[in-house]
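Next up: a single chain in structure tokens, the form predicted alone.
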């Protein structure tokens, strides 16, 4: 399941970075693409704005076939305060741009990616290991916009599917 989660994150991050290379965040002093996985970061009450945050929320396993099919729900949260130069009055336009970027990344291209094992990559520079199956995902469901003070927030939910290969955890 971790391989599928990592593969989805990397595919989404790569696609979003190609759609809008200017969407970056500074996290622990490093500039990164504006996508992060909450469980991979230090615990904080801070919700970054103008970035996409992935939360894995639910999972089911269908073990009726030789390779069990895992379905995981990924909640993608994003928010904007607008720009200070416009007094935040461009919040709707900026949230709409993020809606478009996420839609393009998830729907415009194929809704699948090769599943890879990234466990040996961290700190070694070794390439990810390509696995035998792909991951694939549903069309995103967008929740209504929420207003929190001067901030506009939205959540999109995507189901990510993967076959559980032998030896995977």
Partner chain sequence: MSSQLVPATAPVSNRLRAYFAPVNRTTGTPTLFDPAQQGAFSLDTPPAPWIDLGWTSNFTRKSASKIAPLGTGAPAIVQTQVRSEVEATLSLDFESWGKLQLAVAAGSEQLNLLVTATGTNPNGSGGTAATAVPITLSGSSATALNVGSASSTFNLGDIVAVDLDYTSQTGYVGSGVAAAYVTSSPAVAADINYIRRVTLNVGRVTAIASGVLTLGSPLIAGAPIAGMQISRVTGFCDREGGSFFQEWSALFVFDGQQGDRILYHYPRLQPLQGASEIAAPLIATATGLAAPLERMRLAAAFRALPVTDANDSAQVLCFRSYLPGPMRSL
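All values derive from a computational prediction rather than experimental measurement. Residue numbers count along the first chain shown, from 1.
Missing here is the form predicted together with its partner chain; even so, the following discussion is about that form.
Can any non-hydrogen atom of residue 118 be found within 4.5 angstroms of its partner chain in the predicted bound form?
Outside the cut-off, so no.
Are any of the heavy atoms in residue 43 no more than 4.5 Å from a heavy atom of its partner chain in the predicted bound form?
So residue 43 does not count as contacting its partner chain.
Give a yes or no for residue 49: in the predicted bound form, does one of its heavy atoms lie within 4.5 Å of a heavy atom belonging to its partner chain?
Output for residue 49 is no: heavy atoms all beyond 4.5 Å of its partner chain.
Residue 54: heavy atom within 4.5 Å of its partner chain in the predicted bound form?
Looking in the predicted bound form, residue contacts with its partner chain do not include residue 54, since no heavy atom lies within 4.5 Å.
Looking at 32 to 40, 55 to 63, 97 to 105, 130 to 138, which one sits within 4.5 Å of its partner chain in the predicted bound form if you count heavy atoms only?
Heavy atoms within 4.5 Å of its partner chain in the predicted bound form occur in 130 to 138.
Please state whether all three residues 27, 78 and 155 have a non-hydrogen atom within 4.5 angstroms of its partner chain in the predicted bound form.
Per the other structure, none of 27, 78 and 155 touch its partner chain.
Residue by residue through 72 to 111, tell me which have a non-hydrogen atom within 4.5 angstroms of its partner chain in the predicted bound form.
Residue within 4.5 Å: 111 only.
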